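The chain below stands alone, shown as structure tokens; this is the form predicted on its own.
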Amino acid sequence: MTALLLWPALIIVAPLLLGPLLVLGHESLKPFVGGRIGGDDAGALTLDNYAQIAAPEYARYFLDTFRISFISAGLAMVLGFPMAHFIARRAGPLMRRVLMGGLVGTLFLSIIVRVYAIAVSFGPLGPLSGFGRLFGIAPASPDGAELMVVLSLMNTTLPLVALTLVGTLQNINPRLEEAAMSLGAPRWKTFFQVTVAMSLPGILSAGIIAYAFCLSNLVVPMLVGRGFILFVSNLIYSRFSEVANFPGGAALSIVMMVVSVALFYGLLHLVRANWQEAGK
């Protein structure tokens, strides 16, 4: 019965997902002729657009995208788990409603508003401009731009991470933690070996959501990267909208999608292998 209910969604969604991807893949194989919009339909299909991406100068953009996204998602996880733990375990009913309302409320704020709020607060002229100097980073430097991107991505992903982990922690029976402590386990050991260990599936889900959101982000590096930090999504946007090089933008999109999917399954396999090994 469930499979039957799934068919209407598959019939509608599959063409919407696969159709544009096939068109994008075909566009990426067309030759690009300067001065025209899109690929040359009369030309023979070619892999030149992919060969251009293999040039060393593109590696920097891919590395920056994956590195900064990993740092931002990691910081969101580090800050989001204690927040979710407090909401699920420590906060009273009123405080829980206030905090949950605050987290959900931030999701209704435009990402542009939140990014500019970070830029105004932590930027070179902001009241918190000294924050970067704590780490030896000048606000107007390339490192300062990277710090702005990290803070902005963390700001946008933290509510998603915290809300995901609140649900995970609420599904763990607190009596298991009480039982561990009643048997003599210290609080810190109970926290890591019971609470955190049983939250691993939720932590993995929240991490993947945050990382995927950061990887695909266009607005944050465009607004606060100040030209020093450009993600692959910014290059794709530039190819399509500024130079009308549709084949080049399509090839970048396909490569980014393949690398992201391979990374996702690689991380998933690594985590599951270590998790199963630890559970033996």
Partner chain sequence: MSDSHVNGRLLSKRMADALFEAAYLSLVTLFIAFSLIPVLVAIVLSFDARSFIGPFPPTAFSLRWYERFLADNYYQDGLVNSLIIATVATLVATVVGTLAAIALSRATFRGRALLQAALLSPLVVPNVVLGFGMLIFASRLGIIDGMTRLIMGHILITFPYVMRTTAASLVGIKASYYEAALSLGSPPWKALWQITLPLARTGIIAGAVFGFVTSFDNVGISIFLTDAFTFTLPVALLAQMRANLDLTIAALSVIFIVATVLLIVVLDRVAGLDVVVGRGVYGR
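Residue numbers count along the first chain shown, from 1. Just so you know, these numbers come straight off a predicted model, no measurement behind them.
FYI, the form predicted in complex with its partner chain isn't displayed, but the following is about it.
Chemist: Which residue, 145, 154, 203, 194, is the contact with its partner chain in the predicted bound form, using a 4.5 Å heavy atom cutoff?
Modeler: Exactly one listed residue reaches within 4.5 Å, namely 154.
Chemist: Only one of 229, 53, 68, 236 has a non-hydrogen atom within 4.5 angstroms of its partner chain in the predicted bound form; which is it?
Modeler: For this set of options, the contacting one is 236.
Chemist: Counting only non-hydrogen atoms and a 4.5 angstroms cut-off, does residue 162 reach its partner chain in the predicted bound form?
Modeler: Result yes; residue 162 sits at the interface with its partner chain in the predicted bound form.
Chemist: If you check in the predicted bound form, is residue 33 within 4.5 Å of its partner chain, heavy atoms only?
Modeler: Close contact is absent here: in the predicted bound form, residue 33 is far from its partner chain, nothing within 4.5 Å, heavy atoms only.
Chemist: Report yes if any heavy atom of residue 141 sits within 4.5 Å of a heavy atom of its partner chain in the predicted bound form; otherwise report no.
Modeler: Flag for residue 141 set to no.
Chemist: Quick check on residue 19: any heavy atom within 4.5 Å of its partner chain in the predicted bound form?
Modeler: Output for residue 19 is yes: heavy atoms within 4.5 Å of its partner chain.
Chemist: Considering only 183-206, what residues come within 4.5 Å of its partner chain in the predicted bound form, judged by heavy atoms?
Modeler: Residues within 4.5 Å: 184, 185, 186, 187, 188, 191, 192.
Chemist: Would one find the Cα atoms of residue 265 and residue 167 closer or farther in the predicted bound form than in this form, where their distance changes by 3 Å or more?
Modeler: Residue 265 and residue 167 sit closer together in the predicted bound form.
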